[in-house]
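Here we start with a single chain on its own, the form predicted alone, put down as structure tokens.
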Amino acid sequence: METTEAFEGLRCFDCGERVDAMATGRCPDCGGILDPTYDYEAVSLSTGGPVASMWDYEAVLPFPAASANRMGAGGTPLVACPELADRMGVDRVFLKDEGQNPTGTFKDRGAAVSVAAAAAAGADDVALSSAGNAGHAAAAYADAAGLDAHVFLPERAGFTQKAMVEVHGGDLHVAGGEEAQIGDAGRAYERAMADNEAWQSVKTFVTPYRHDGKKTMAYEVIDQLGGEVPDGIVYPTGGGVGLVGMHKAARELRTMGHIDELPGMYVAQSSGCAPIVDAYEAGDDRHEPWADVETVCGGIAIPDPGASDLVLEAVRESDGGAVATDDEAILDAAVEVARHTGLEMAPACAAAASGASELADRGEFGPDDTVVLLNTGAGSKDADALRAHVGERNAG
């Protein structure tokens, strides 16, 4: 099993136990989340140049690019949005457009590394539950690696995501009725995993590798800014995997001496499902599960995120923050971004745009600040919701 020179193994976030084997599950001692670790003195990483793909950063990933399926993940553009900067009253706003990944979302980054890990471990099958986009990405990358993917989605997942799982040859399981949430898909997944011990999980924070793949977003952002650390990175947050990964990347860059300070990490959620924002505002270290999900932003409608403690730690350590805006403001933001910049944000992703505006209104960002919005998925992933909102606005 080929790994990169600096990759040391895995360490548990909770108990600190080190796992030398190429595990793909949770900590064998306490059941905590495992995190890939590296000998940073052994890392040879050049920064500041053009970015071609996430594999430009293989030195701080577990596997070399040659051992992974290279579907072109990463290397997404960082687009200057002066119109948004003027509206927010800040110096610069950039949008990191993850919608240009092969399956249209940032989920490709996590799938690329987690599927590579499963293939390296000799698995024939991978499985996960998902709100939609992660299932699409897992099916695509598993198919390209010659693995079978078993994907469990709730009924409320988008048509596009369901269709593309099957287009890529995935074994699609749709859980529950029209009101089913991601938790229903999770329970169906758990039952199936109990009956199929050979399946390798590529589920969020069960595999140790999805957040490590997603950390490359922060490496790219800072490189694309010429080594500058933005004042804030606003991230549309469901489970918070990407935020945890990007915070890890910033800490790695600081450890290696490439930057001196951490970018502020900001959680943006819908007020119809905002367990992490509630926990942040209450000063808590973990969330309370959200009782009634009332949002059209399915991609971030995660009522019981499994690693909220890591998300909140990242926000507080980086001197960031958290904000929730309502669905109308989120959908309005998606439309306005499209009309003023030409960039297309899926409804859930536009929580970053509406959240950043709200943070600016509160005085969180100043006139000299640089703010990066993470557009985690293309508008076409959930175009029906955007079209319906435009129709309602026109009718009104």
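Start at 1 and count along the sequence shown; that's the residue number. The structure displayed is predicted, hence computed values, not measured ones.
This next part talks about the form predicted together with a small molecule, which is not shown.
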(message) Tell me which stretch of 120-128, 230-238, 258-266, 317-325 has a heavy atom within 4.5 angstroms of the small molecule in the predicted complex.
(response) 230-238
(request) Scan A139, V115, I300, V93 and let me know which has any heavy atom within 4.5 Å of the small molecule in the predicted complex. (result) I300
(message) Please identify the residue among T207, N133, T216, S270 with any heavy atom within 4.5 Å of the small molecule in the predicted complex.
(response) N133
(message) Residue-level contact is defined here as any heavy atom of the residue lying within 4.5 Å of the small molecule in the predicted complex; does G242 satisfy this criterion?
(response) yes
(message) Quick check on K107: any heavy atom within 4.5 Å of the small molecule in the predicted complex?
(response) yes
